[in-house]
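Here we start with a single chain on its own, the form predicted on its own, put down as structure tokens.
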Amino acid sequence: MIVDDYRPPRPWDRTPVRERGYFDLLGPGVVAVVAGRPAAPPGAGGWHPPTGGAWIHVGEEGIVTAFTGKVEVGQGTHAALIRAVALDLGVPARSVRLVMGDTDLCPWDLGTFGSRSMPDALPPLRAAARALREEIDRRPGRSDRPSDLGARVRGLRTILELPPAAEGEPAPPPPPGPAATVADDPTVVTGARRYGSDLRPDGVLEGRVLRAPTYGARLDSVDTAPARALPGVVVVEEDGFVGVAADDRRDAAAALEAIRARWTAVPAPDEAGIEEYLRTHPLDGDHWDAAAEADGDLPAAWDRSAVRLTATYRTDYIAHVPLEPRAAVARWDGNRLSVWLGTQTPFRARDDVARGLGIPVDDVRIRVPPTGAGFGGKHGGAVALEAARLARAAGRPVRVRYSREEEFRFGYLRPLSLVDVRAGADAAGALTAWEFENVNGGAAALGSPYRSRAHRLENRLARSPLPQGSYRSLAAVANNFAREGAIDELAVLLGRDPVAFRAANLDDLRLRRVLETAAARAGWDRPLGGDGRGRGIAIGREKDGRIATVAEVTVAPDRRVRVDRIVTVFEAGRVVDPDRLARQVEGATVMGLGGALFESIAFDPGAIRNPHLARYRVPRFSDLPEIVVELLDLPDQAPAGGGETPIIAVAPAIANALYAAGGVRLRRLPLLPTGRLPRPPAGPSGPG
């Protein structure tokens, strides 16, 4: 496809359009370049991140090569974008190649996260494709076959420069035919696909890094002489970094074991003290995720409340557990560095590596090979910098692959969230007062889709003792779990049907349609029948997508729980690739099931106790219920991302179903760390 050793003088995102070597790399033809756009500030029009645009080349052989800064980490974006370009150009999908995440050749991009791949990458790619189609159609007579793009661009070296794509997405292309189908890659399931951790350039060494025994520990002294004495071992000790490289992983591990290091631990809380610690250790300074909002007369609203709820909901630290742990291969060619890195943010990684090594950004190239998932856990380029330091000292390529334990301990986690809720409703079933405060989790989905007479929202940042960062949907899982649990509790206090109570308090007509569709699809009005069975519902709105999930559970006499069925209705604007979007929803459902039922990080002060899959429970095939997915298509709306929103309603739907089936209200994730539902407390009980 793209010549692997092609090296532009400067990365194309840092080179004027007319000086880029499109035709040196791809041959004669026509190129359309859509400029990037700056970020839009928060406001009535909504925020969008900066984008680097897109470029597409049509060559003499009829091959279309498109470039985007987004990456494919299993979410299906690669196929969906190829399909869109093929439709707009009127060519078979097999004629389209898509280059993603190569920092030398692709447009700059903030990163593949936040369900932004389709909103950010699709408009400029479609704008470029439509401009190429119009330009080529103006050139009749170059071919007797008007559909033969290659013949009509023969001998040309034309560059079309276009303004940034409009924020609103262009009109949809004609209905797809069989030619627009993008076949699934069978190597994904045969084991033949080569991921970043499989790459072994000639002469590559295996690298290992000395790591602290506990978080925040200070390295007091280190003696690397025993490792340096081992044959064939390269040792690097610089700027607080200590690592080794050897011909194979076993020799590298032995060299690392030979290093003598002394550390001083820092004080840290254990699990029993984590809630108090987070509440009393605020994170100082401004932060992009800080948020606070208030409106209305809360004291007066509380006075009008016929029922009141005060509760705290908690979600534990959990790990991303991608199928492929972090991996990078670094190779120096003179003063220029190339790194093959599984990352969601290749351009940020380029900057991180250049800064860490003290070299110009133009001398660093990041390429993203097929990557075994990320879920928000593969931001930045720490492992790339480790491999690059070792490769520079060794004078040979070096591969650094995290073990599963390193992935748990030296990646980062989903934040532990504490969500305090005070909510009230009047006797007619209208929400009157809504106070919602998240400690440590984040501001995603902090705002409510329900109207109330008065409200106060706050996100309080805390200084986490464990490393934490982005996770699929950010804080939307925690905030939605708390909100949908509280809404259900209010419905119970009022004696209202949970679906009707939600619908009566929603102003978002798109979300209301999703709610009502899910209730109908799940047969909400039909009794389940049998003892110990229950049904629960939850809804949510995030990344401009709307979701409703219904869970059905059975609680056995011994209090063991089985999730029988999950029905999800998802509306994300225009559906670009329905098959892959449905798979995204299914995957998010399975991932949400783990966090809802049993995933949790156990820790002592400064150290994780379960940093491997033998002790960290993830969903198994035997855990999976029947999963039903229905997509609502809004052709007149721009497509929203599909990777994150489908996870946010899984846990609260299950929690609400467990209350319906077993009479116990659970306010902490995971809901069932032991696999059994506690018995209801003796005497009167209910929300409090």
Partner chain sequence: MADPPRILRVNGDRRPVRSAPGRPLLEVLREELDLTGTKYGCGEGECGACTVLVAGLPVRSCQVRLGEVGDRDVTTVEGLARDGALSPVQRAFLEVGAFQCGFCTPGMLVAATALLRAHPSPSRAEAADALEGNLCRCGGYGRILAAVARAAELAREEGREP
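In this text the structure is predicted, and so the values were computed from the model without any measurement. Positions refer to the first chain, counted from 1.
There is also a form predicted together with the partner chain; it is not shown, and the following applies to it.
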I need the one stretch from 350 to 358, 519 to 527, 488 to 496, 192 to 200 whose residues put non-hydrogen atoms within 4.5 angstroms of the partner chain in the model of the complex.
192 to 200
Please pick, from D508, D604, E276, D185, the one residue with any non-hydrogen atom lying within 4.5 angstroms of the partner chain in the model of the complex.
D185
Using a 4.5 Å heavy atom cut-off, which residue among Y317, F501, Y471, Y450 comes into contact with the partner chain in the model of the complex?
Y471
Would L624 sit within 4.5 Å of the partner chain in the model of the complex, counting heavy atoms only?
yes
Does the partner chain come within 4.5 Å of any heavy atom of D579 in the model of the complex?
yes
Is it the case that D544, even though its partner is missing from this view, gets within 4.5 Å of the partner chain in the model of the complex, heavy atoms only?
no
Exercise: V73 in contact with the partner chain in the model of the complex, heavy atom 4.5 Å
yes
Determine the residues of 389 to 424 with a heavy atom within 4.5 Å of the partner chain in the model of the complex and present them in sequence order; the list may be empty.
R399, R401, Y402, S403, R404
